[in-house]
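Take a look at this single chain, the form predicted on its own, given in structure tokens.
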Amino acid sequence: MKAVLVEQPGGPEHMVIGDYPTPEPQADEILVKVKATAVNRADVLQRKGHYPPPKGASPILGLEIAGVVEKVGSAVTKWKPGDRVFGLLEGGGYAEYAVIAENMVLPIPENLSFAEAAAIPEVFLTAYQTLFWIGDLKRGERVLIHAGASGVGTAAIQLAKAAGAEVVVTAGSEGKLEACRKLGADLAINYKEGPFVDKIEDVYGEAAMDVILDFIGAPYFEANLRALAYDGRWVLISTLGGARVEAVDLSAFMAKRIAFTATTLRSRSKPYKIRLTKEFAGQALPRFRSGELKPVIDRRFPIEQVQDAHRYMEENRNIGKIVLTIGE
């Protein structure tokens, strides 16, 4: 099969289309003919040599797919060749074919294209996990979502609003802020125009955020601590701005009874991901069918332009997902 191969760690120019053995499904797996996948920050890090795939996972980039079932393993009962499916992978999405456990796969809603379905798994499952499983977000609470126009950010806004929460976001341009407002954000703050925590306090007062989804890390540490409410939950998803904080006052965590949790989804166990996928499907699939939830796609690139797609992500220009189409 054709797949995107990384010749050596480094820039986008080191990705090429080449031949790679077509995977064979194990007993509880299905083989999917991939129609679309999507670009994630993890793909960029892996391409650079900073984020190796989990043990046993495909070395090929790509954490999500949408396509058509080509072949099923001997123990598979839920799917048959020809079914339209999408799902989360540990790796292997940038290819003509990929294998995935049958319980990690979801049916593509009739109203969604392959490209739209491919824009869902990584960001919506990450947002669902961080908002509800880790952040324990409840109706009537407030959540601060940094990088609100990112893939996870656009998913988290929709899920939080559907759950009855009040949503505050940060982003770096008026275009991104407006996109967040259209998705339901109640307050959208340009972090380039001064400390975001000052603007939050102008509207809500001190210590007003019940949950924070943090993609930035070190530069926002003090401001996040200030913004969090008593018994607040702070979920660290990434450290795009840096990972080292020079001085940490632990007494502030104790005084506010703050729960701080760092998380990644890719390295979680298969049973964990299956439980997450099942719960998410029950909550979200009907809302995708009704249009209440929707994947947000910024641009689509044919797989042959994967280098351009990675450059586009690294320029931080996207609002929502960057999708790669295969065989169109």
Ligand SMILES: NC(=O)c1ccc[n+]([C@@H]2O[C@H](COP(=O)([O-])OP(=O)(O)OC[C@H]3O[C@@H](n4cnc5c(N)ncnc54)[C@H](OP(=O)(O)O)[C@@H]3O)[C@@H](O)[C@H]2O)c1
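The first residue of the shown sequence is 1; numbering continues from there. These figures come from a predicted structure and were not determined experimentally.
Unshown form predicted in complex with the named molecule; subsequent notes refer to it.
Visitor: Can you tell me if Val245 lies within 4.5 angstroms of the named molecule in the model of the complex, counting non-hydrogen atoms only?
Guide: Contact with the named molecule, no.
Visitor: With a 4.5 Å heavy atom cut-off, would you call Gly175 a contact of the named molecule in the model of the complex?
Guide: No, no contact at 4.5 Å.
Visitor: Wondering, does Leu240 line up within 4.5 Å of the named molecule in the model of the complex on heavy atoms?
Guide: Yes - in the model of the complex, heavy atoms of Leu240 and the named molecule come within 4.5 Å of each other.
Visitor: Mark Gly87 yes when one of its heavy atoms lies within 4.5 Å of a heavy atom of the named molecule in the model of the complex, and no otherwise.
Guide: It does not: once the named molecule is placed as it appears in the model of the complex, Gly87 has no heavy atom within 4.5 Å of it.
Visitor: Using a 4.5 Å heavy atom cut-off, which of 157 to 165, 246 to 254, 89 to 97, 214 to 222 contacts the named molecule in the model of the complex?
Guide: Going through the listed ranges, the match is 214 to 222.
Visitor: Name the single residue among Ala117, Val105, Ala171, Ala185 that comes within 4.5 Å of the named molecule in the model of the complex, judging by heavy atoms.
Guide: The residue from Ala117, Val105, Ala171, Ala185 that makes the contact is Ala171.
Visitor: Can you pick the one in Ala147, Leu228, Leu137, Leu144 that has a heavy atom within 4.5 Å of the named molecule in the model of the complex?
Guide: Comparing distances to the named molecule in the model of the complex, the residue within 4.5 Å is Ala147.
Visitor: Is any part of 247 to 267 within 4.5 angstroms of the named molecule in the model of the complex by a non-hydrogen atom, and which residues would that be?
Guide: Heavy-atom contacts to the named molecule in the model of the complex: Thr263, Thr264, Leu265.
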